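Next up: just one chain, as structure tokens, the form predicted on its own.
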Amino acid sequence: MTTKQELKQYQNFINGKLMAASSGNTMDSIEPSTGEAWAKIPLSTQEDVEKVVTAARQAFPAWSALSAEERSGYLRRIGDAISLHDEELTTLETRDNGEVIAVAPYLAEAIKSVWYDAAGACKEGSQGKTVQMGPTSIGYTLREPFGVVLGILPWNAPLFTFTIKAAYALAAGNTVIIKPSQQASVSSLRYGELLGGILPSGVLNVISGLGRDIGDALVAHPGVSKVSMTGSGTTAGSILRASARHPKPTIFELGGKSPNIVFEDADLDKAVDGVIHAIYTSNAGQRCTAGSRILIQQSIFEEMIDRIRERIKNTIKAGDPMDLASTMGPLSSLDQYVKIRSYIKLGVEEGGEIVCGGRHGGENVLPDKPEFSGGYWVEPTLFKVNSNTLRICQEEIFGPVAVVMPFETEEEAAAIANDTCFGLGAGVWTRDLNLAHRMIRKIESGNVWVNTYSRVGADLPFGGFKESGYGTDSILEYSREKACVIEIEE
């Protein structure tokens, strides 16, 4: 077993330099598959907050003064460099949050595409419009960067959320501070070091630590001009309270309780694949878009349940996240493990019928290897329910636990889909194009996918409705518009 003396210590990246926390304090990063410490990260303090904000503010004038073409050149160089480091970065992320390494090639391609898209969007972030106000008056708008943008990351997808927050903010001419989750900071600290070697000093900075120690201080700092956060509604509330003295615009991408709706005319083989990927093999359900409510038309309800059960049994391989054959990894932390176990117990108490799964690591559930006995393992679990009012149908579980319920008509399907405080993602499976378009209009969600699931990309916005947040990590969100009017003397 690795001893604490052997753990590699990662550092903050501030003003172009690697730095330990001012206090010298660190915390262990825990590998979810084993429950053991594998690295150390800085426990930063208010002193480090001042350092990082000062560095970003001092770098802003020169970076924002660059032409769109010059900023684009930097971002393209970053995109080119990803291929040189993608294996290292995705390995760090897998060890940090338990996502299976099999997704690494897709993650690396997604990251590169965002950097290239941001590079191409640099001009869009500075383009305004001209308006003839009157015979002697001309109005026009300018788009300008905000200044210092703070990106707060979740633990389930650090590299991708780091990328979408940093790339478009930089493209618009802002400087950036990234605060990763304390549960999964290693890949972000290393990523920041690599990118910072390409960008001018202070343009991109990464600082780790506890939310209560530095998160609130960063949000409240008058030198931070905008905040983009991916995470929970609770964290969003904390950010709004912390920024009350110095209000600033925010982008929030929050939770979800996404419906995955299967109509009787759908290609059932593809629908089953989509259902499984949406909740189980997509980071063990630890995704804000997880398709955790499976709605199936009554005429095919039992058949689909049988298909889902068999597909789980025959195709999901929970195992070592570093093994390419593994399709589902562990939960990311002990807290998540305890939470998911409690929801499985709650589902039974509420009257849900367990179709499959339900066991967890305390019962020596898979993978059956001694080195993983201390990991945070939970079986893919499916509940059959008859009411959408149960807590397991309304609350975001954020794990490999889904509910399946029947519906008769498209109106009923839409009503169930919308019967939640969330509105982030939704899936629709049908061969009827007219039905698909009707459902897209009826569902209250920022993203609707038809005959696919969770397809996101740099060329489409990604954001939520209702309590799933507001705003998107896009170029126009990271520049502000200034109205100007000139009166011409005759």
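In this text the structure is predicted, and so the values were computed from the model without any measurement. Heads up: residue numbers just count along the shown sequence, starting at 1.
This protein has a second form, the form predicted in complex with a small molecule, left out of what is shown; the following refers to that one.
So if I measure heavy atom distances to the small molecule in the predicted bound form, which of the stretches 376 to 384, 89 to 97, 248 to 256, 190 to 198 falls within 4.5 Å? After filtering at 4.5 Å, what remains is 248 to 256.
Have a look at 156, 175, 163, 260 for me and say which one sits with a heavy atom within 4.5 Å of the small molecule in the predicted bound form. Comparing distances to the small molecule in the predicted bound form, the residue within 4.5 Å is 156.
From the list 119, 416, 219, 393, which entry has a heavy atom within 4.5 Å of the small molecule in the predicted bound form? The option sitting close enough to the partner is 219.
Is residue 398 close to the small molecule in the predicted bound form, meaning a heavy atom pair under 4.5 Å apart or at it? Looking in the predicted bound form, residue contacts with the small molecule include residue 398, since a heavy atom lies within 4.5 Å.
State yes or no: in the predicted bound form, is some non-hydrogen atom of residue 52 no more than 4.5 angstroms from a non-hydrogen atom of the small molecule? Taking the distances in the predicted bound form, the answer for residue 52 is no, it never comes within 4.5 Å of the small molecule.
Does any heavy atom of residue 231 come within 4.5 Å of a heavy atom of the small molecule in the predicted bound form? Because a heavy atom of residue 231 falls inside 4.5 Å of the small molecule in the predicted bound form, the answer is yes.
Taking 4.5 angstroms as the cut-off for heavy atoms, does residue 212 touch the small molecule in the predicted bound form? Within the cut-off, so yes.
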